[in-house]
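Two forms, one chain: they're shown below as C-alpha cells, one block per form, named structure 1 and structure 2.
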Structure 1
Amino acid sequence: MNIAKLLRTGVAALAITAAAGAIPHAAQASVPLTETGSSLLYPLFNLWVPAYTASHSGATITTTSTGSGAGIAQSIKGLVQIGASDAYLSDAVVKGHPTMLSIPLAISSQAINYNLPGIASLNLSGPILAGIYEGKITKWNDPAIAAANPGVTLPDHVIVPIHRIDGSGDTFIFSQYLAFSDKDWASTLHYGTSISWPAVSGGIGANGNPGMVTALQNNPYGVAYIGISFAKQVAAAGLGQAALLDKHGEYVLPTEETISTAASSVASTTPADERISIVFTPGVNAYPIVNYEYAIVNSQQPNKATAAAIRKFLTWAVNEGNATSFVSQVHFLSLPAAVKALTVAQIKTIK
C-alpha cells in the first residue's frame, strides 16, 4: 500500500518534471558555448562572461573549471568549444590535430612563497629550487642558499618542499622554470602539469592553490609555488614571497612591472601559432615565471554559427576583456599589442 502510494507520487513528480523540462527555457538566440579547463583562467572567465552576456543579448556561455588537461582533451574531442589551458599544445598534439589552435588571452604569473619566521626577504634561483625539490638541498642554511642571501641569518632547519598533487598549470610553469635554468632537472624530470616528484623525506603534496596556501601555513620552514591570483590569501597568511634569479642574473620580485617586462621581451619573438614559453626569458628585470593563458580552440568548427559565436566572444575577450578593470582583479596582465595582433589573426582563422 505504502509503496504503491509512494510509487504513484514518484511517477507524478516525474511526469511534472518531464513536462516542465520539455518547455524550452529562455529563448536561445545564438549558439550556446561551453568553456572548460584551467582553474587559473576560470576566475577571469567568470568576470568576462557576465559582462559579455550583458552587452550581447542572447549569448549564452557556460564556464567550467576542470583542469588544463581536460580543457585540451575535451576541446579536441569537440565536447566543448573553448578549452582553457595554462600550457600551449605540445608538438606531438599539434602533429596529431593540426587544426587545434593555442590562442593567448591574458598573461599570468606565479610566486614562490615561503614560511620562515622572521625572514622578510629571500632570494632563490632555479638551481636552488631544483636542488630543494630533488632532495639535494635539505636545510635552509645550505651554502647554496646562503650564497644567494648575503647578510641573512638562515635557520639550521630542514626544508619542507610543498608541491601540487593534482595536475596543474602551476606545476607546468614552475617545472619549466626549473628545467630551463637547471640542466639536471631538464634531463631527468622535464616539465609538465604533473611531475614525477623525487622522494624527498618530509616533502608534502597539496591539492589546489588553496591547499598549497594552507599547507605552507601549517608547515613552518616550508616553500611552495602558488598562482599569483592567490596573492591576497598568501599575504593574509603572513607568508613570504621570494625574489627569483632571472636569466640576466638578478633577483626580481613578481610585480606588475617585472611581469610585463618579461611579457614584452617575448612579444616580438612570439611565433604566429603563439606556442611559446615566457618562463626564464632574457631581459633586464624580467620576472622568470610568467605565462600566457590559452584558449584551445579547433579552427574547424562543425557549423558557421558556432564558429561565428566563438570568434565574436574571443575577439571581445582580447579587446574589451583585456581592460585592466577585468584582468587586475585576478592579478593578470593584458596582452602586449604585438601579441594581441597575432591572437586576433588566429581568431580569424576559426571557421
Structure 2
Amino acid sequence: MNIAKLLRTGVAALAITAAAGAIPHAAQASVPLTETGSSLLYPLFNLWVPAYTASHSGATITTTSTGSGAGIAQSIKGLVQIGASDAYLSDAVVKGHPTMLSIPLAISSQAINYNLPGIASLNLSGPILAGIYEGKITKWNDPAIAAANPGVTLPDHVIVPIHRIDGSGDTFIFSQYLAFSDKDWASTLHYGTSISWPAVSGGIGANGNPGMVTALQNNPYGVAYIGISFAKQVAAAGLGQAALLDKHGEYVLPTEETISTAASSVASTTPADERISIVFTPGVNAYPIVNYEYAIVNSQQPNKATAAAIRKFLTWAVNEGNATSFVSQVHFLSLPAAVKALTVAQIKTIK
C-alpha cells in the first residue's frame, strides 16, 4: 500500500471512529432533576419544564407542589436537587447548612382574597388582618374595617379566617406583612413558614394554594392569603381581591406597576446571597406583599454531572424563562438586571 492510500485509509478510519463515538454521546440522557416545594411557584415551573425539555434533548425534570417548607427541607436533605420556596433561608438555617443557596428566579406577590357576597371592593391593612387572625376582630362590620371602607355597607357576620396548615412560603410573606406592620403580631407571633395560629372560632386550615382557593370559595364571609399565580382560579371562583395598606399609607392592589415599584426599591440593595424581604417596603404605590421566588439549592452537589444539569436549567430559567411570555401567564415579573446578575453569580458556584 502506497503512502497516499495509507493516509486516505487512516483518515477514513478516524472519521468512522469519531462518528461512532459521537452517536452515543449525542443520545446520552442528561442527569434527571427533581424539584418540589412552593405551590405559588409551581405554575411557573409547569410552564418552564415543557419548554426546557423540548429544547434540551434528554433533559428530564420532575416537579411537585408540596409547599415551601417541604421544598427547603427536602433540598437540605438531598432528596431533591431544587427546592422551590417563596421564602429565603433563615440565618439559623444558613449557619447550620452553609452550602445551601437561596437563588431568586422571578418576582411574585400575594393577594388577600375574600368571599363577601355583594362587596365589590374592600380595603384591608396589616393591623386589621392581624386582628382577624388573632381573633380580636371577629365581624366584618367591626369599627376598624368600617373605618378603612367608608361608604361600604359591611355585613354583620362572623369572619372566617383561612390559613395554611403546611409549611408555606405564602405563610412566611403573609406573616411578614403582619409583623412589619403590627407591633403586637411582631412581638408575639413573629413570622415564618409555619405559625402557631391562635385558636379562632370558625377558623379554617387549608393545604397549598389550591386548598386555599377551594376553602375560601366554600366559605362565604371568609378571608385568605393566596399566591398571585392563582389569580385565574380566584377569579373563576368569583372571589374578591382586597386593596392593602402600604407603608406610604395608601391602599393598593397587586398590579404590574405596584409590584414592580416594590421590587425596584430593593434591587440595588439586594445582597450577594440575595436573602432579602420585599414585604412592606417604603415608596409610593408599592404593593406590600411582594417577594423573590427562590430555588433552594446545595452548592456542593454529589457529582459534576448533577451540578452541571442544575446550573444549565437555572441559567435557562433566569434568561429564556424570565421572558414575559412565561412570567406574565402567572402574574409574575422578571428579575431586574442587577438582581439577575447576582442570581447568575450564585448559580455559577454550584459544583
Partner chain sequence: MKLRPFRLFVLILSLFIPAALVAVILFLVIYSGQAIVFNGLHFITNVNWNLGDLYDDPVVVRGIQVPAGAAYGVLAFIVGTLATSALAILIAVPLSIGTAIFLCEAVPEIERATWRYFPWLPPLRQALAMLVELVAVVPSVVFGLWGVAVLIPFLGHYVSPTGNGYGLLAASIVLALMITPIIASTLYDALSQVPKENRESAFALGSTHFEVVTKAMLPMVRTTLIGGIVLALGRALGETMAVLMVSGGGINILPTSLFSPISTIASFIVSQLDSAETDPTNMAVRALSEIALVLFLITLAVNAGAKLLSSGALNVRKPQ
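Quick note, the numbers are simply positions in structure 1, starting from 1. Rigid core: the largest C-alpha set superposing within 1.5 Å between the two forms. Just so you know, these numbers come straight off a predicted model, no measurement behind them.
The chain appears twice here, and it is structure 1 that represents the form predicted together with the partner chain. Once the cores line up, the CA of G283 ends up less than 2 angstroms apart between structures 1 and 2. Once the rigid core is used as the reference frame, the Cα position of G249 differs between structures 1 and 2 by less than 2 Å. For T324, the Cα coordinates differ by under 2 angstroms between structures 1 and 2 after the core has been superposed.
For V80, the Cα deviation between structures 1 and 2 after core superposition amounts to 4.0 Å.
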